[in-house]
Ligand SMILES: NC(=O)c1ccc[n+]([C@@H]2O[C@H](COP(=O)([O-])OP(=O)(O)OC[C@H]3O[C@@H](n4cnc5c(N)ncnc54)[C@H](O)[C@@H]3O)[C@@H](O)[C@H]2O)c1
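Only one chain is shown below, in structure tokens, and it's the form predicted on its own.
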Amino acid sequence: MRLEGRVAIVTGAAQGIGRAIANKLHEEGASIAAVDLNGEGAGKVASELDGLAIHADISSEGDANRMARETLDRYGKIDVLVNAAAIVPFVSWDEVNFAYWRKIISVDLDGAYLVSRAVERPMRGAGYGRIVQIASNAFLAGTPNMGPYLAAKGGVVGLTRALATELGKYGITANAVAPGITRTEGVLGTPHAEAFDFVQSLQAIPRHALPEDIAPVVAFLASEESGWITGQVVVADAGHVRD
């Protein structure tokens, strides 16, 4: 198991891609701190994985710092952060006002910064760390009805590169995974669900993506095996975007 003895924080762990990632990292041997705004969902995942449940809003600096503190109190270290928590909107550009813009940015970009900042100190002290952000191929494709999300995920790509530059000397890598449209509870509950067949027609692999398709990519980037890879965005979308 490539993550035996490692401690991993997974945000957005209550459902969807985050939950699949938590399951995969646990399967690979990691102890899991399952973080989510849905405290009940985080608790269920943590119970299944014999891990730690943390009810937190990643857009809150206090909650992000508490997330790191509770993980350290339980396990004594933080080896891996996977930030999968996000709001995925479906709102036409003409309906986006500043309050809505700020809501999306506060979770999808500010949250990425806050949780990364919260874990970097203990990682620096240990001389080891893996930070993996979940971006999106929507940023590359310019998907409609997702303006604030595209801006936030573009920011996540920039943040990933900045973290790689700033933290590499401490033995910390930072990478991002950019999935395509994936059959998660959140996506299936929005009009995005109507796009699966169209997107499939653009992919090289003709089927719908599942959260379990994304998790192994993250597991690799969270492992020691990826130690020579940093500042990169791995697009996991069955060849939809061939950049």
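The numbering used is simple: start at 1 and walk along the sequence shown. Source: prediction; values computed, not measured.
What comes next is about the form predicted in complex with this ligand, which is not displayed.
Though the partner is left out of this view, L37 does reach within 4.5 Å of this ligand in the model of the complex, counting heavy atoms only. Taking non-hydrogen atoms only, V88 approaches this ligand to within 4.5 angstroms in the model of the complex. Under a 4.5 angstroms non-hydrogen atom cutoff, this ligand in the model of the complex has E185 among its neighbouring residues. Taking the partner from the other structure, this ligand in the model of the complex has a heavy atom within 4.5 Å of a heavy atom of A84. Just one of D213, E70, E28, D57 comes within 4.5 Å of this ligand in the model of the complex, counting any heavy atom, and that one is D57. The contact residue chosen from S223, N23, Q15, T230 relative to this ligand in the model of the complex is Q15, the criterion being a non-hydrogen atom within 4.5 angstroms. Judged by heavy atoms within 4.5 Å of this ligand in the model of the complex, the contact stretch among the candidates 94 to 102, 117 to 125, 149 to 157, 163 to 171 is 149 to 157. Residues of 134 to 168 lying near this ligand in the model of the complex, listed in sequence order, are I134, A135, S136, Y149, K153, the criterion being any heavy atom within 4.5 Å.
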